[in-house]
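Given next, in structure tokens, is a single chain: the form predicted alone.
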């Protein structure tokens, strides 16, 4: 797609920040500097499915058993060299031999079993479990020195793909979530985390795979997209994985690509007035997506009808996006009010700073649109750590009506990686509950082939038309800036996983 320049006002503070970092000194030698929009609040690999964690540690420090190719969704060997289904409920994975963890421990079946059990322990609520394994019972055991057995109570025909999300850590890793010095098998050793400043990684001399070119990696954090893009241009940084559309103005440095992220506002459907479907429909009708597209959001974003992108198995192509209709939105609000629904009650819109470029401006625009439709909306923009308090269960019992700004990434090939966590009654990040949706999720998870696809598509239809659990926004387009001294092409995975071993120097 073409990169288009949009003029969005930059605050005086941002301009001063850009000026302060614009020096001619380029990053030296074989050290790579990556400038990110968000600092991690945790670096434990069992949280690597979160973009602010995964883009640092996943496949750099801690590797997965298999790897999902972002180009075509195919599954490739990583720490597992092969796998097979031995019966309807059981899979076996053969673990790569001769691999060492960064702390000197051997990679073997027992170490992998211990790591998987840690990630799946419900006491610690690692996001790998809540996001991808929350609806299944999994039993893992060593059946040889380098072979593990993964058994489930219900069939899991895409277990190899699920293992593409499972990071593996040393058996010496503390049991509880929250490790600050992760020990994996990856091409880079976790060196240092200085909160508020940087994270550094160093090349692992004992890595089992090909020796990467980059020797050291330094991650720094800047909220302003203009600052991040300027740092790459002047050479203070090599890669800015995520910049705003208005800053993607240099065709020699900037890449645009359709990514796997989907932006939405999650509606807490259990609390009045949001428990009335007329209110939820009105909110969708009140949002002028076309006014947001090509201004705050890139011109190439796609209005969404479901949380999975079109390339994912289970996407329903027959669904149509909500069309802006302010008059109809006002009529629905008035009808709900006439029936006693407290539509004037204050609704908190909780946003996350830096979740995507122009995230604050997007919430301000949507606040204005929802207010015009007759809603009483108050915005609270938060840092990641504060926002996370509202993302997952347990939710505060005394909470009021709430919309949560969210962005979900699924580049793993199947809707199973999204649906239970986001929409099941017991999903860790769900605020809706519908028996037919739950039944569909259960049936699709165990199904195969065209039947699996059709069941997922019906679940998507019911959510979109009958439940309306979200204010639906966009399938997103990403923009990255890469300094010419670097040979690296961003992909669908770049916002959530940036493999440093793939970077070369020109």
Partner chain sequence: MQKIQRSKVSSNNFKKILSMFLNDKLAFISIIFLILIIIIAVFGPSLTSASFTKMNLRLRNLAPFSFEHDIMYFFGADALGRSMIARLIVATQNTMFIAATAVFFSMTLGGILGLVSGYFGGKIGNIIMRLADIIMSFPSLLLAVIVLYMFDPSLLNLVIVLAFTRMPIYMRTARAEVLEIRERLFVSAAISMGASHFRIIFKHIAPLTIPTLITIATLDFAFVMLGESALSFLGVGIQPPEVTWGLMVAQGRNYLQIAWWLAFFPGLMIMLVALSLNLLSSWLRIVLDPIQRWRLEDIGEKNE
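Numbering follows the first chain given and starts at 1. The structure displayed is predicted, hence computed values, not measured ones.
There is also a form predicted together with its partner chain; it is not shown, and the following applies to it.
Visitor: Looking at 263, 296, 116, 159, which is the one with a non-hydrogen atom within 4.5 Å of its partner chain in the model of the complex?
Guide: Partner contact (heavy atom, 4.5 Å) among the options: 296.
Visitor: If the cut-off is 4.5 angstroms on heavy atoms, which of these, 353, 138, 277, 302, is the one near its partner chain in the model of the complex?
Guide: Selected option: 353.
Visitor: I'd like to know whether residue 372 contacts its partner chain in the model of the complex, with contact meaning heavy atoms within 4.5 angstroms.
Guide: The answer is yes: residue 372 has a heavy atom within 4.5 Å of its partner chain.
Visitor: Would residue 334 sit within 4.5 Å of its partner chain in the model of the complex, counting heavy atoms only?
Guide: Looking in the model of the complex, residue contacts with its partner chain do not include residue 334, since no heavy atom lies within 4.5 Å.
Visitor: Is there a heavy atom of residue 226 lying 4.5 Å or less from a heavy atom of its partner chain in the model of the complex?
Guide: Contact with its partner chain, yes.
Visitor: Looking in the model of the complex, any heavy atom of residue 238 within 4.5 Å of its partner chain?
Guide: Residue 238: no contact with its partner chain in the model of the complex.
Visitor: Within 4.5 Å of its partner chain in the model of the complex, counting heavy atoms only, one of 226 to 234, 96 to 104, 68 to 76, 396 to 404 shows up; tell me which.
Guide: Comparing against its partner chain in the model of the complex, the contact stretch is 226 to 234.
Visitor: If you apply a 4.5 angstroms heavy atom cut-off, which residues in 231 to 269 are near its partner chain in the model of the complex?
Guide: Heavy-atom contacts within 4.5 Å come from 246, 247, 249.
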